[in-house]
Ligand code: GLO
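The form predicted on its own is given below as one chain in structure tokens.
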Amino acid sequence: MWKVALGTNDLVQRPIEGYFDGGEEELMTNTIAESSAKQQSLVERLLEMCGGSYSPETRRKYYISGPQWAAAYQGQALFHAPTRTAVSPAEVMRHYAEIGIGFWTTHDTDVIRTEDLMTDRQTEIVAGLNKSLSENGLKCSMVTCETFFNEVWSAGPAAESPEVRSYGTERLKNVVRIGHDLGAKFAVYWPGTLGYLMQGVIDETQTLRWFAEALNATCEEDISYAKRRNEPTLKHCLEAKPFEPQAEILLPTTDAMIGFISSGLLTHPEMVGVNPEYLHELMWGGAPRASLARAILAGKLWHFDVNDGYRLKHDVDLPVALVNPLDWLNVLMLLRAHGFEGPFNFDYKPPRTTSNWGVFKVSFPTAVDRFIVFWEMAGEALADPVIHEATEALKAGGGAGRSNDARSIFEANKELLTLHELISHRLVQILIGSHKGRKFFGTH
């Protein structure tokens, strides 16, 4: 997860006061408006030429959630000024409903100012959010706690200071209450500041114990609050990220999170699972599909953040399948094969080159449509007769029987092993449509 600082874009260029008279300024405004309309018309025409879009009704059939922070992202970053203006939660919800995204997710401080948390103002805001959700036919599927942006987290939510830790625990407990009040089923925690910048300044084991204490108190709050409301408890999901914002992260991977859950430090480990993010697993050089497989085996894959990017790079959070389409086909084959159907949370950043209008007219609709295509393509690949027969032949083996003769076993299987490459070729064929007769002809 990552934080969006909402507010007025103070960097928008404006005419210097007094430089234009009223008529010239109005003429410039009209010219810009006409140019924008022409550009939007061009984008819409080319998007229609692309084809392959789904109806909002079809999109709602998939457990896809749209985060408040993703749609409201203004394009700012460490070296980047904002390129888009702020977008309110009500506006985000309205656009999601129009697109056909049926679920909405949020950080606490995406929608409630830090100083308004745990006050009567929070109650008013949550009521307003529920009203907007109902008006747009959306559901809140997940809430998450911001423990990385505010200055109070400069040393992390499990810092040495007992005041910071106490505040951090109250924030986590408050997010549980917000989640129940909004009808969410999941809570996600990204402890991005759980770590250090300088060597030797913290005791890692103590920090992890403090973090566990906060999660234990949060689960107890969930049990109590859910009981009072006669509701099931939330599913609490830990999200790992190998880099940023600390130089050294204590729980950098999904495997580390699973190990932490089973460490004996948690009093309710059955309430805690993981929310892997595709790019977070890719960033450190790992294979997202392998990380997901290990989470499945542990019974802890409860939530999945969807995006794309590059190995051993920073957290670019690109839209799904624009960088690694073949890998995404394989990831969704794994998830379909093991019965995982979501939530799929679109935790990505619309590129800085995309306009406010383009975020909802191009970025989110095309991202959702690509995901649906790859999900259905994964089902086709799992049922493909070539892949099925090749896989079954490999599992049957070469017929050498039980033997201690390595050479004879190899000789009996060596031709079968060529099927590994054939299967990969078949997946590429499915990806580009050549398995259905599509061919490309050049000038030769």
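Treat the numbers as computed from the prediction; the structure is a model and nothing was measured. One-based numbering along the sequence shown.
Heads up, the form predicted together with the ligand isn't pictured, but that's what we're talking about next.
Of the heavy atoms in residue 73, none are within 4.5 Å of the ligand in the model of the complex. For the chain shown alone, residue 144 is a contact residue for the ligand in the model of the complex, at least one non-hydrogen atom being within 4.5 angstroms.
In the model of the complex, the ligand sits within 4.5 Å of a heavy atom belonging to residue 347. At least one heavy atom of residue 69 is located within 4.5 Å of the ligand in the model of the complex. Contact with the ligand in the model of the complex, defined as a heavy atom within 4.5 Å, is made by none of 186, 222 and 301.
Between 264 to 272, 234 to 242, 336 to 344, 150 to 158, the stretch whose residues reach within 4.5 angstroms of the ligand in the model of the complex through a non-hydrogen atom is 234 to 242.
Checking 107, 361, 180, 84 against the ligand in the model of the complex, a heavy atom within 4.5 Å turns up for just one residue: 107. In terms of contact with the ligand in the model of the complex, the residue from 328, 103, 211, 190 that brings a heavy atom within 4.5 Å is 190.
Residues of 199 to 216 are not found to place any heavy atom within 4.5 Å of the ligand in the model of the complex.
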